[in-house]
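Take a look at this one chain, the form predicted alone, written out in structure tokens.
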Amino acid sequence: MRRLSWRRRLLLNALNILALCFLVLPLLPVVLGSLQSEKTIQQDVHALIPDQFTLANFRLILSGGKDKGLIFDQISYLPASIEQFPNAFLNSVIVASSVTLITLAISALSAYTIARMNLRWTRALLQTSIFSRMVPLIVLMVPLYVLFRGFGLLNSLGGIVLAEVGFLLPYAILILTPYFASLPVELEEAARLDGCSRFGALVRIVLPLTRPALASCGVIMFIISWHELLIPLILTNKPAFMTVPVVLAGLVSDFFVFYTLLMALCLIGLLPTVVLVLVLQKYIVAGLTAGAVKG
């Protein structure tokens, strides 16, 4: 393999740094804004570095609106959604985790079937399902609401999980199918000669080899589900079933926009997905690159 010259390496490093700055620098104003009070940020909107810093926004959010402190004396009211944040965070954890696990379980079986059985109708069904996902989600909200109301699935975490699994399943199958197809069939044939059934070969041989792909797909499904706003906003109208994006949307009212609380809540809501990506970084990189190398 030919080594890159120092000029090319320098250029690639510079491009990487520019890409990282493009992605990370927009978070800097969010971090600075979350550490200010509403009064401070509105007094001088052009100030890059504020004179005072405070953690009152984070204390208020994490306490569910109880720890207001003197910093919020200038605000006549606080949105009711702030009081629901601890419960909304738990709801988001339950929904995103359930959606990820259920989607991975079903998509792994479906992707394996499509990759190994080589049936014409399965590939046609996959292509039709992917094409249907090209329809904007907002277009499907009214029929989805009517359908879930008929089955009594409104205002429930189970309804949110079911809807999100249905929308994410085609994407997960599309991600996993090439990886399953890239694995050598001889491994499964050897396992079946030793007495394994096809399902046993899948569980004992194939799935352990696809851990990088499953990890990368799971992270993608978790991130999409965690940040999903439209489905929980349409299917629920009770505070007990709010998720973090719904609480975030509630901070924009007809009378006031809570800028500092928005920024603090964005950072708190972003934290679980960042931690997940950092923990599973090795598997994510391996899963996203293996399909390109083996395919």
Partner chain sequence: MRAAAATGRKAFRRELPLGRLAVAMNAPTLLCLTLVLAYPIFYAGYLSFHKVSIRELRSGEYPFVGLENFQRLFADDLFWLSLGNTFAFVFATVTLEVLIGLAVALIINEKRVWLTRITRLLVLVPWAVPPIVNGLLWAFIFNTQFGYLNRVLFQLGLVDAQVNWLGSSNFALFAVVIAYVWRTTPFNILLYDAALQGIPRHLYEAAEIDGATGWQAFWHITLPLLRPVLAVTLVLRTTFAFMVFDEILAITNGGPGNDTWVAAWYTYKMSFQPPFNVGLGAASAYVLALVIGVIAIFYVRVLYRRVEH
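Residue numbers count along the first chain shown, from 1. Source: prediction; values computed, not measured.
Just so you know, the form predicted together with its partner chain exists too; it's not on screen, but the next bit is about it.
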Non-hydrogen atom within 4.5 Å of its partner chain in the model of the complex for each of 62, 214 and 240: no
Residue-level contact is defined here as any heavy atom of the residue lying within 4.5 Å of its partner chain in the model of the complex; does residue 195 satisfy this criterion? yes
Although the partner isn't part of this model, could you tell me whether residue 112 comes within 4.5 Å of its partner chain in the model of the complex, counting any heavy atom of the residue? yes
Taking heavy atoms and a 4.5 Å cut-off, does residue 44 contact its partner chain in the model of the complex? yes
Partner proximity in the model of the complex: residue 147 to its partner chain, non-hydrogen atom cutoff 4.5 Å: yes
The single option of 163, 172, 95, 88 touching its partner chain in the model of the complex, heavy atom within 4.5 Å: 163
Its partner chain in the model of the complex has a heavy atom of only one listed residue within 4.5 Å, and of 190, 80, 207, 106 that residue is 106
Any residue of 231 to 251 that, in the model of the complex, places a heavy atom within 4.5 Å of its partner chain: 233, 234, 245, 248, 249
